[in-house]
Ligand code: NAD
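Below sits a lone chain in structure tokens, taken as the form predicted alone.
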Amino acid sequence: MAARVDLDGKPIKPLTICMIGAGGFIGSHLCEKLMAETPHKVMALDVYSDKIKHLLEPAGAHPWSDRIQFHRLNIKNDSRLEGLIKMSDLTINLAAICTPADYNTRPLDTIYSNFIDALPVVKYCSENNKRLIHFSTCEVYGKTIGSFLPKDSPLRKEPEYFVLKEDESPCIFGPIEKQRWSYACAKQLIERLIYAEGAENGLEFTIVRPFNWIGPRMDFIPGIDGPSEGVPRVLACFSNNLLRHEPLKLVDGGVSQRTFVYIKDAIEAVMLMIENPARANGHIFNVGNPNNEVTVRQLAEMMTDVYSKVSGEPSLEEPTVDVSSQEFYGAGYDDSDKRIPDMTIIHKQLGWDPKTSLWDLLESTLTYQHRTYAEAMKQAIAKPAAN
């Protein structure tokens, strides 16, 4: 492996990374990248290891086998956590409940998972002078300023009313009874705590705000590799509908606007943060792709077309159906209207720009979904009929 250098041409020394939530969607892609392309070691902490078992098994079979160790633990009640953080150079915290269906129905779990359970991680990093990369969310921005203007106001189209900037945009949430904001508030408060630890106690930190990272291994397909009554995020929800030949459910007409970035592009950004602490410390980074902006309805239409192409199956005559948020998520749901990341800071500090178009990333992801799940779905659908 060639010697790695940072953006300033300095050699990068091998790191020991404590990765909390390594078994999830983002963690699995990050572990793959670290094992394949760097000399860094990873202590992978999680309750589940399914998404990284190809990196762990069989023991000794890979050139990186001595560089990744899996520790099955739940950070909310495990005394081993501080010791593992002390043994590492860098802690990356990916652990979170981050599915909109849960914000409404499990607001207490959501607040505990994203704020209370993260407190010891921040504390141990600060007390032991260890660097922290903490994963937050674009949800901390809440609603745009533009959403409060009259519907016909021309100002709604002005970027300063909807483009989200790390160091300028306010965080605007709905009323308390809209429990959907429990996640965003918990994430915002842990960001403020981390920032304060940096200001008062010298914690070296980087905060990541992902804007809809999507790709293979995201979430689960209900009833196949996850709970049958579970509601994952939009990509997996729509994939589940496509695999079942059902219309895609559009919540409240699918008018919300989102930007999507390919997981492999986003992981490149994280690698730059890991290996360039001098440029990343003390910063909050939006990581998204403003070029891949669509309404949720447009995303559904695009996914229908892409899935038809990769699967060879015809699309439904009525590919979408409208449902109310009350029906889909339950009472207390509220939504943010538009999420466009300003990319100035990450481009200036790390020189990172996303590359993959929305069509290409959907083609790659839906090819994976079809290859991984289509057969299992056929069998699952056939079973009740056979009984």
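Residue positions are given as counts along the sequence shown, with the first one as 1. Everything numeric in this text was worked out from a predicted model, so none of it was measured.
What comes next is about the form predicted together with ligand NAD, which is not displayed.
Checked against ligand NAD in the model of the complex, the candidates Ala36, Val47, Leu56, Ile345 yield a single residue with a heavy atom inside 4.5 Å, and that residue is Val47. Note on the partner interface in the model of the complex: the residue among Ile26, Ile52, Leu362, Val42 having a heavy atom within 4.5 angstroms of ligand NAD is Ile26. Within 4.5 Å of ligand NAD in the model of the complex, a heavy atom is found for every one of Asn74, Ala96 and Ser136. From the list 274-282, 148-156, 304-312, 211-219, the contact stretch for ligand NAD in the model of the complex under a 4.5 Å heavy atom rule is 211-219. Although the partner is absent here, His245 lies well away from ligand NAD in the model of the complex, with no heavy atom inside 4.5 Å. Proximity of Arg233 to ligand NAD in the model of the complex: non-hydrogen atoms within 4.5 Å are present.
Proximity of Tyr141 to ligand NAD in the model of the complex: non-hydrogen atoms within 4.5 Å are absent; the residue sits far from the partner.
Contact residues in stretch 177-203 (any heavy atom within 4.5 Å of ligand NAD, taken in the model of the complex) are Tyr183, Lys187.
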